[in-house]
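One chain comes next, on its own, written out as C-alpha coordinates in the form predicted alone.
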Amino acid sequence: MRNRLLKILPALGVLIVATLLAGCGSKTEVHDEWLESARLDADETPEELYTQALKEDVLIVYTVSTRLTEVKESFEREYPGLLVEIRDLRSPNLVSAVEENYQKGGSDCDVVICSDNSGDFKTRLADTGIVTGYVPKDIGKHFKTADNGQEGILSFVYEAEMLFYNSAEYESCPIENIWELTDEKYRNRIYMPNPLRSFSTYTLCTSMFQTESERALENAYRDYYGREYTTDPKRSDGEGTQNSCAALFWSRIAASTVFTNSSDEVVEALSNGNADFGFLVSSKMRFSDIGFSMQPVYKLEPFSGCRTSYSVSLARNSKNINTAKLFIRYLLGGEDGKGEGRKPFDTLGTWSARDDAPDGNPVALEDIDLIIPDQDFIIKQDWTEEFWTRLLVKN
(Lines give C-alpha, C1' and ligand atoms only; values in the text may rest on other atoms or scores of the structure.)
Protein backbone atom coordinates (compact mmCIF):
# COMPACT_ATOMS: atom_id res chain seq x y z
CA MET A 1 0.00 0.00 0.00
CA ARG A 2 2.71 2.42 0.98
CA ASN A 3 4.59 2.58 -2.34
CA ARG A 4 1.50 2.11 -4.47
CA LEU A 5 -0.38 4.84 -2.67
CA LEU A 6 2.32 7.41 -3.37
CA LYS A 7 1.98 6.80 -7.10
CA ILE A 8 -1.38 8.48 -6.80
CA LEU A 9 -0.30 11.22 -4.43
CA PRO A 10 1.93 14.15 -5.39
CA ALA A 11 4.86 12.81 -4.90
CA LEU A 12 8.63 10.78 15.85
CA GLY A 13 10.29 10.93 18.37
CA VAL A 14 13.25 8.83 19.36
CA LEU A 15 14.62 6.58 16.60
CA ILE A 16 18.34 6.33 15.96
CA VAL A 17 19.30 3.97 13.21
CA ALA A 18 22.58 4.03 11.32
CA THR A 19 21.44 2.79 7.95
CA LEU A 20 21.17 4.15 4.44
CA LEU A 21 18.33 3.42 2.06
CA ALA A 22 17.54 -0.21 1.31
CA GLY A 23 20.21 -1.81 -0.84
CA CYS A 24 22.91 0.64 0.25
CA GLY A 25 24.12 -1.26 3.30
CA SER A 26 23.00 -2.71 6.61
CA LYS A 27 22.87 -1.04 10.01
CA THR A 28 26.07 -2.78 11.06
CA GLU A 29 27.91 -1.98 7.83
CA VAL A 30 27.27 1.75 7.70
CA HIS A 31 29.57 4.16 9.52
CA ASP A 32 27.62 7.38 9.80
CA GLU A 33 29.87 10.35 10.46
CA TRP A 34 26.93 12.75 10.62
CA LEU A 35 25.25 10.73 13.35
CA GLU A 36 28.44 10.74 15.40
CA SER A 37 29.04 14.45 14.92
CA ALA A 38 25.43 15.25 15.86
CA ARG A 39 26.11 14.05 19.44
CA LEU A 40 22.46 13.24 20.06
CA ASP A 41 23.21 11.72 23.48
CA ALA A 42 25.22 14.70 24.74
CA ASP A 43 24.06 16.54 27.85
CA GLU A 44 23.86 20.09 26.53
CA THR A 45 22.17 23.06 28.13
CA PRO A 46 20.01 25.45 26.12
CA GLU A 47 22.67 28.11 26.69
CA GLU A 48 25.40 25.90 25.23
CA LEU A 49 23.26 25.05 22.20
CA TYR A 50 22.38 28.70 21.66
CA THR A 51 26.04 29.72 21.61
CA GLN A 52 26.81 27.13 18.94
CA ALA A 53 23.59 27.81 17.02
CA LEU A 54 24.60 31.44 16.48
CA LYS A 55 27.32 30.13 14.17
CA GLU A 56 24.81 28.30 11.96
CA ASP A 57 22.46 29.26 9.13
CA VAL A 58 18.66 29.55 8.89
CA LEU A 59 16.85 26.55 10.38
CA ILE A 60 14.50 24.85 7.87
CA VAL A 61 11.43 23.11 9.31
CA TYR A 62 9.16 20.85 7.25
CA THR A 63 5.80 20.57 8.99
CA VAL A 64 2.20 19.49 8.48
CA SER A 65 0.98 21.89 11.19
CA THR A 66 0.45 25.60 10.56
CA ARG A 67 0.90 26.19 14.29
CA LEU A 68 4.66 25.94 13.81
CA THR A 69 4.55 29.53 12.54
CA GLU A 70 3.66 30.62 16.09
CA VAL A 71 6.49 28.49 17.48
CA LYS A 72 8.91 30.09 15.01
CA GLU A 73 7.93 33.60 16.06
CA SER A 74 8.32 33.01 19.79
CA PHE A 75 11.53 31.02 19.28
CA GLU A 76 13.14 33.89 17.37
CA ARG A 77 12.14 36.28 20.17
CA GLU A 78 13.58 33.94 22.79
CA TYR A 79 16.83 33.48 20.89
CA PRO A 80 17.79 36.70 19.06
CA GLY A 81 20.00 36.11 16.05
CA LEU A 82 18.47 32.74 15.15
CA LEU A 83 16.16 32.48 12.14
CA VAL A 84 13.63 29.80 11.27
CA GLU A 85 11.95 29.10 7.93
CA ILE A 86 8.70 27.13 8.07
CA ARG A 87 7.61 25.08 5.07
CA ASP A 88 4.04 23.82 5.43
CA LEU A 89 3.36 20.59 3.51
CA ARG A 90 0.68 17.93 3.41
CA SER A 91 1.84 14.65 4.95
CA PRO A 92 2.32 12.67 1.70
CA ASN A 93 4.20 15.56 0.10
CA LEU A 94 6.37 16.01 3.18
CA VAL A 95 7.43 12.37 3.24
CA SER A 96 8.27 12.45 -0.47
CA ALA A 97 10.18 15.74 -0.18
CA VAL A 98 12.36 14.55 2.72
CA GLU A 99 12.99 11.24 0.99
CA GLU A 100 13.94 12.85 -2.33
CA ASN A 101 16.25 15.38 -0.66
CA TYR A 102 18.12 12.59 1.07
CA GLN A 103 18.40 10.52 -2.09
CA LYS A 104 20.08 13.50 -3.77
CA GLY A 105 22.82 13.32 -1.17
CA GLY A 106 21.86 16.03 1.27
CA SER A 107 19.05 17.52 3.26
CA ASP A 108 17.02 20.59 2.43
CA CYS A 109 15.56 20.63 5.93
CA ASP A 110 16.69 20.28 9.53
CA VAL A 111 13.56 19.46 11.54
CA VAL A 112 10.63 17.28 10.41
CA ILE A 113 7.20 17.40 12.06
CA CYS A 114 4.68 14.94 10.68
CA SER A 115 1.74 12.77 11.59
CA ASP A 116 2.63 9.10 11.30
CA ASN A 117 -0.61 7.29 11.54
CA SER A 118 -0.67 5.57 8.16
CA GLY A 119 2.88 4.21 8.53
CA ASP A 120 4.49 5.99 5.59
CA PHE A 121 6.64 8.15 7.84
CA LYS A 122 7.88 5.12 9.77
CA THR A 123 8.57 2.82 6.83
CA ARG A 124 10.03 5.40 4.40
CA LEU A 125 11.81 7.84 6.69
CA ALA A 126 12.30 6.48 10.22
CA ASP A 127 13.08 2.84 9.47
CA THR A 128 15.48 3.87 6.71
CA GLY A 129 17.32 6.34 8.94
CA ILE A 130 16.46 9.34 6.78
CA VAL A 131 15.20 10.99 9.94
CA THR A 132 16.36 10.35 13.47
CA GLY A 133 15.01 11.21 16.88
CA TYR A 134 16.34 13.69 19.41
CA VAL A 135 14.83 14.03 22.86
CA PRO A 136 17.12 15.21 25.69
CA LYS A 137 17.05 13.01 28.77
CA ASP A 138 15.74 15.76 31.03
CA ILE A 139 12.70 16.13 28.76
CA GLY A 140 12.19 12.57 27.51
CA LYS A 141 11.54 11.23 31.01
CA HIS A 142 8.35 13.30 31.20
CA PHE A 143 6.61 11.71 28.24
CA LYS A 144 3.75 9.40 29.11
CA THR A 145 5.12 6.57 27.03
CA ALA A 146 8.57 6.01 25.66
CA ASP A 147 7.49 4.93 22.20
CA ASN A 148 3.74 5.44 21.85
CA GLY A 149 3.41 1.72 21.28
CA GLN A 150 5.62 1.81 18.21
CA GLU A 151 9.33 1.10 18.38
CA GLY A 152 11.37 4.25 18.03
CA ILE A 153 8.54 6.76 17.61
CA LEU A 154 7.84 9.32 20.32
CA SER A 155 4.82 11.54 19.80
CA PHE A 156 4.95 15.03 21.27
CA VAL A 157 1.22 15.70 20.96
CA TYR A 158 -1.97 13.67 20.53
CA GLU A 159 -5.01 14.47 18.45
CA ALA A 160 -7.91 12.51 16.97
CA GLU A 161 -9.60 12.12 13.61
CA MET A 162 -13.21 12.18 14.70
CA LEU A 163 -16.80 12.99 13.88
CA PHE A 164 -18.20 16.53 14.36
CA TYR A 165 -21.77 17.76 13.97
CA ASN A 166 -23.28 21.08 12.88
CA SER A 167 -23.98 22.85 16.17
CA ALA A 168 -26.05 25.57 14.49
CA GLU A 169 -28.46 22.92 13.25
CA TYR A 170 -28.46 20.63 16.28
CA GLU A 171 -28.32 21.44 20.01
CA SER A 172 -26.67 18.08 20.62
CA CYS A 173 -25.45 15.22 18.48
CA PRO A 174 -28.55 13.78 16.75
CA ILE A 175 -27.20 10.24 16.48
CA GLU A 176 -26.09 7.60 19.00
CA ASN A 177 -24.89 4.85 16.64
CA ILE A 178 -22.36 5.33 13.84
CA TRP A 179 -24.56 3.31 11.45
CA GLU A 180 -27.13 6.11 11.60
CA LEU A 181 -24.82 8.04 9.27
CA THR A 182 -25.92 5.66 6.50
CA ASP A 183 -29.52 6.92 6.75
CA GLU A 184 -30.77 8.41 3.48
CA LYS A 185 -31.55 11.76 5.16
CA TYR A 186 -27.83 12.39 5.55
CA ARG A 187 -26.97 11.78 1.90
CA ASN A 188 -24.55 14.48 0.73
CA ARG A 189 -24.70 15.98 4.23
CA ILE A 190 -21.51 14.27 5.41
CA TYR A 191 -18.10 15.75 4.57
CA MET A 192 -14.66 14.25 5.06
CA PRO A 193 -11.14 14.63 3.63
CA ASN A 194 -10.17 12.26 0.85
CA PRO A 195 -8.46 9.33 2.66
CA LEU A 196 -5.93 9.06 -0.17
CA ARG A 197 -4.84 12.65 0.49
CA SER A 198 -4.90 12.71 4.29
CA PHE A 199 -2.82 10.41 6.51
CA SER A 200 -5.12 10.90 9.51
CA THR A 201 -8.31 10.18 7.54
CA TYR A 202 -6.67 7.17 5.93
CA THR A 203 -5.78 5.91 9.40
CA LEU A 204 -9.36 6.26 10.60
CA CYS A 205 -10.70 4.39 7.58
CA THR A 206 -8.16 1.57 7.79
CA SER A 207 -8.19 1.15 11.57
CA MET A 208 -11.86 0.19 11.36
CA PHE A 209 -10.71 -3.05 9.73
CA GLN A 210 -8.73 -4.08 12.81
CA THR A 211 -10.23 -7.20 14.36
CA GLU A 212 -11.45 -5.51 17.55
CA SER A 213 -12.92 -2.60 15.58
CA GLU A 214 -14.68 -4.99 13.20
CA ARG A 215 -16.33 -6.83 16.09
CA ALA A 216 -17.47 -3.56 17.65
CA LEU A 217 -18.84 -2.38 14.31
CA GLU A 218 -20.76 -5.66 13.91
CA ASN A 219 -22.30 -5.25 17.37
CA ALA A 220 -23.35 -1.69 16.52
CA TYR A 221 -24.85 -2.99 13.25
CA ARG A 222 -26.95 -5.49 15.23
CA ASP A 223 -28.08 -2.79 17.68
CA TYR A 224 -29.12 -0.43 14.89
CA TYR A 225 -30.67 -2.80 12.35
CA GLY A 226 -32.00 -5.36 14.83
CA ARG A 227 -30.27 -8.26 13.13
CA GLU A 228 -26.84 -9.86 13.13
CA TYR A 229 -24.33 -8.83 10.52
CA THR A 230 -23.65 -11.77 8.23
CA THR A 231 -21.20 -12.11 5.39
CA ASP A 232 -22.70 -12.45 1.95
CA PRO A 233 -20.66 -14.34 -0.67
CA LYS A 234 -22.70 -12.62 -3.38
CA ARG A 235 -21.81 -9.16 -2.14
CA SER A 236 -19.88 -7.25 -4.78
CA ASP A 237 -16.73 -5.25 -4.10
CA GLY A 238 -18.90 -2.16 -4.20
CA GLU A 239 -20.57 -3.48 -1.07
CA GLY A 240 -17.37 -4.46 0.69
CA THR A 241 -13.89 -5.65 -0.16
CA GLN A 242 -12.97 -8.68 1.94
CA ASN A 243 -16.68 -9.12 2.64
CA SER A 244 -16.25 -7.30 5.96
CA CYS A 245 -18.51 -5.15 8.08
CA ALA A 246 -16.08 -2.24 7.96
CA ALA A 247 -15.98 -2.35 4.16
CA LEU A 248 -19.78 -2.39 4.03
CA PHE A 249 -19.87 0.63 6.32
CA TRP A 250 -17.41 2.67 4.27
CA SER A 251 -19.07 1.64 1.01
CA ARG A 252 -22.36 3.03 2.26
CA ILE A 253 -20.80 6.13 3.78
CA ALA A 254 -18.89 6.89 0.59
CA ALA A 255 -22.16 6.94 -1.33
CA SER A 256 -23.45 9.69 0.99
CA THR A 257 -20.28 11.71 1.50
CA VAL A 258 -18.75 14.79 -0.08
CA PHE A 259 -14.96 14.35 -0.11
CA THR A 260 -12.68 17.35 0.39
CA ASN A 261 -8.97 18.11 0.22
CA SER A 262 -8.59 19.07 3.87
CA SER A 263 -10.21 19.35 7.30
CA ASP A 264 -10.50 23.12 6.81
CA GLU A 265 -13.01 22.53 4.02
CA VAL A 266 -15.02 20.26 6.32
CA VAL A 267 -15.07 23.01 8.97
CA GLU A 268 -16.41 25.45 6.39
CA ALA A 269 -19.11 23.03 5.26
CA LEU A 270 -20.31 22.52 8.83
CA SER A 271 -20.36 26.25 9.50
CA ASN A 272 -22.06 27.37 6.30
CA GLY A 273 -24.82 24.79 6.66
CA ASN A 274 -23.82 22.47 3.82
CA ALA A 275 -23.01 19.60 6.18
CA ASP A 276 -24.71 17.95 9.13
CA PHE A 277 -21.65 15.87 9.96
CA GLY A 278 -17.97 15.89 9.16
CA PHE A 279 -14.91 13.79 9.90
CA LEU A 280 -11.91 16.00 10.62
CA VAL A 281 -8.86 16.38 12.81
CA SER A 282 -9.69 17.34 16.39
CA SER A 283 -7.28 20.30 16.53
CA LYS A 284 -9.80 22.22 14.41
CA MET A 285 -12.03 22.17 17.50
CA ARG A 286 -10.40 25.44 18.51
CA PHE A 287 -12.29 27.18 15.70
CA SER A 288 -15.53 26.72 17.65
CA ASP A 289 -14.25 29.41 20.03
CA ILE A 290 -14.25 31.97 17.22
CA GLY A 291 -17.74 31.32 15.93
CA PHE A 292 -17.56 28.25 13.71
CA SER A 293 -20.61 25.98 14.09
CA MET A 294 -19.05 22.64 14.94
CA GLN A 295 -18.92 20.39 17.98
CA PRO A 296 -17.12 17.07 18.47
CA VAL A 297 -18.89 13.78 19.08
CA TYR A 298 -17.22 12.37 22.18
CA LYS A 299 -19.56 9.42 22.70
CA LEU A 300 -20.85 7.23 19.87
CA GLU A 301 -21.53 3.53 19.48
CA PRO A 302 -19.04 1.95 18.93
CA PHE A 303 -16.56 4.80 18.23
CA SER A 304 -16.49 8.34 16.86
CA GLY A 305 -12.97 8.30 15.44
CA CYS A 306 -9.40 7.22 16.09
CA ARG A 307 -6.42 8.61 17.97
CA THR A 308 -3.71 10.35 15.95
CA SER A 309 -0.38 11.91 16.86
CA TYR A 310 2.47 14.15 15.69
CA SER A 311 6.15 13.37 15.94
CA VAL A 312 9.22 15.58 15.68
CA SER A 313 12.58 14.41 14.38
CA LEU A 314 15.87 15.55 12.88
CA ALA A 315 16.50 15.22 9.17
CA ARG A 316 19.63 13.18 8.47
CA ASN A 317 22.48 15.44 7.33
CA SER A 318 20.97 18.51 9.00
CA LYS A 319 23.36 21.42 8.48
CA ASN A 320 22.15 23.29 11.54
CA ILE A 321 22.23 20.61 14.19
CA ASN A 322 22.61 22.87 17.25
CA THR A 323 19.78 25.14 16.18
CA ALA A 324 17.67 22.06 15.45
CA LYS A 325 18.32 20.59 18.90
CA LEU A 326 17.48 23.89 20.56
CA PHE A 327 14.29 24.25 18.50
CA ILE A 328 13.13 20.74 19.41
CA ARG A 329 13.77 21.40 23.11
CA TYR A 330 11.75 24.59 22.75
CA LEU A 331 8.89 22.86 20.90
CA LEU A 332 8.64 20.21 23.62
CA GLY A 333 8.21 22.87 26.28
CA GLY A 334 11.67 22.73 27.80
CA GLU A 335 12.64 20.83 30.92
CA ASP A 336 9.54 21.81 32.93
CA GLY A 337 7.04 21.63 30.05
CA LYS A 338 5.94 25.23 30.59
CA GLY A 339 7.91 26.83 27.77
CA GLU A 340 6.31 29.02 25.12
CA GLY A 341 7.12 26.50 22.39
CA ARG A 342 4.35 24.08 23.29
CA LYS A 343 1.65 26.71 23.90
CA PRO A 344 0.39 26.75 20.29
CA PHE A 345 -0.41 23.04 20.81
CA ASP A 346 -2.05 23.58 24.19
CA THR A 347 -5.49 24.13 22.66
CA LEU A 348 -8.87 22.45 22.41
CA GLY A 349 -8.60 19.21 20.49
CA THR A 350 -4.90 18.73 21.20
CA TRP A 351 -3.83 16.58 24.13
CA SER A 352 -0.49 16.71 25.92
CA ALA A 353 1.89 13.76 25.58
CA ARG A 354 3.79 14.85 28.71
CA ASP A 355 2.97 13.62 32.20
CA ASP A 356 3.89 16.97 33.75
CA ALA A 357 2.06 19.32 31.38
CA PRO A 358 -1.76 19.15 31.49
CA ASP A 359 -3.83 20.37 28.56
CA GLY A 360 -6.96 22.49 28.51
CA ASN A 361 -9.45 19.98 27.12
CA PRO A 362 -12.78 19.44 28.92
CA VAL A 363 -12.70 15.72 28.07
CA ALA A 364 -9.65 13.49 28.51
CA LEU A 365 -8.49 11.64 25.41
CA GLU A 366 -9.04 8.27 27.09
CA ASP A 367 -12.69 9.20 27.80
CA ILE A 368 -13.55 9.61 24.12
CA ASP A 369 -14.84 6.67 22.07
CA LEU A 370 -11.74 6.29 19.90
CA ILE A 371 -9.95 3.46 18.12
CA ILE A 372 -6.26 3.10 18.97
CA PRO A 373 -4.65 2.45 15.57
CA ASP A 374 -2.38 -0.56 15.19
CA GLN A 375 0.34 0.83 12.95
CA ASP A 376 1.77 -2.58 12.04
CA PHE A 377 -1.69 -3.69 10.93
CA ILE A 378 -2.21 -0.53 8.87
CA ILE A 379 1.17 -0.85 7.15
CA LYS A 380 0.32 -4.38 5.99
CA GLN A 381 -2.98 -3.46 4.31
CA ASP A 382 -1.98 -3.44 0.65
CA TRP A 383 -5.53 -3.56 -0.72
CA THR A 384 -6.87 -0.27 0.64
CA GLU A 385 -5.64 1.94 -2.21
CA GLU A 386 -7.65 -0.06 -4.72
CA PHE A 387 -10.66 -0.19 -2.39
CA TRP A 388 -10.78 3.58 -1.87
CA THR A 389 -9.93 4.41 -5.46
CA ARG A 390 -12.88 2.34 -6.55
CA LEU A 391 -15.23 3.95 -4.01
CA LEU A 392 -14.11 7.47 -4.91
CA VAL A 393 -14.53 6.86 -8.64
CA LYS A 394 -17.92 5.22 -8.12
CA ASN A 395 -19.25 8.01 -5.95
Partner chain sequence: MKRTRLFPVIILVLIITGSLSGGCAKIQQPSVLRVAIPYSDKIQDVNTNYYIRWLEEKTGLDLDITLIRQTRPGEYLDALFSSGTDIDVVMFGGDFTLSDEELGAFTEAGDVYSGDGTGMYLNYGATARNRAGQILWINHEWLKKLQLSVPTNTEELEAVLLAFKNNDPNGNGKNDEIPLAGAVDDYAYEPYELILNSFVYNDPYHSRIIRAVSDSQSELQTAYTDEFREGLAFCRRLYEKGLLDRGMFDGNLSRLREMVNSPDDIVGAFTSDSVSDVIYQGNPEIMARFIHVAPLAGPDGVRNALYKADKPVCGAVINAHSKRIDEARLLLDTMMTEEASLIARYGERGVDWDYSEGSDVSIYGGASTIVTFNYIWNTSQNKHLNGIGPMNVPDKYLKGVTWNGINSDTEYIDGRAQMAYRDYLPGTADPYERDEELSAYLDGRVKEYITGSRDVSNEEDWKEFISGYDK
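Residue numbers count along the first chain shown, from 1. Computed from a predicted structure; not experimentally measured.
Just so it is clear, the following notes concern the form predicted in complex with its partner chain, a form of the same protein that is not shown.
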For the chain seen here without its partner, which of 66-74, 360-368, 42-50, 329-337 has a heavy atom within 4.5 Å of its partner chain in the model of the complex? 66-74
Of the options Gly81, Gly105, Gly226, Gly291, which one has a non-hydrogen atom that comes within 4.5 Å of its partner chain in the model of the complex? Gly291
Here the chain is shown alone; which of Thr260, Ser256, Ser213, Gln295 has a heavy atom within 4.5 Å of its partner chain in the model of the complex? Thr260
Can you check whether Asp264 is within 4.5 Å of its partner chain in the model of the complex, heavy atom basis? yes
If we define contact as a non-hydrogen atom of the residue within 4.5 angstroms of the partner, is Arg197 a contact of its partner chain in the model of the complex? yes
Spell out, yes or no, whether the shortest heavy atom distance between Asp276 and its partner chain in the model of the complex is within 4.5 Å. no
Taking its partner chain as it sits in the model of the complex, is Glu268 near enough to touch it, meaning that at least one heavy atom pair lies within 4.5 angstroms? yes
Taking its partner chain in the model of the complex, which residues along 365-395 bring a heavy atom to within 4.5 Å of it? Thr389, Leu392, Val393
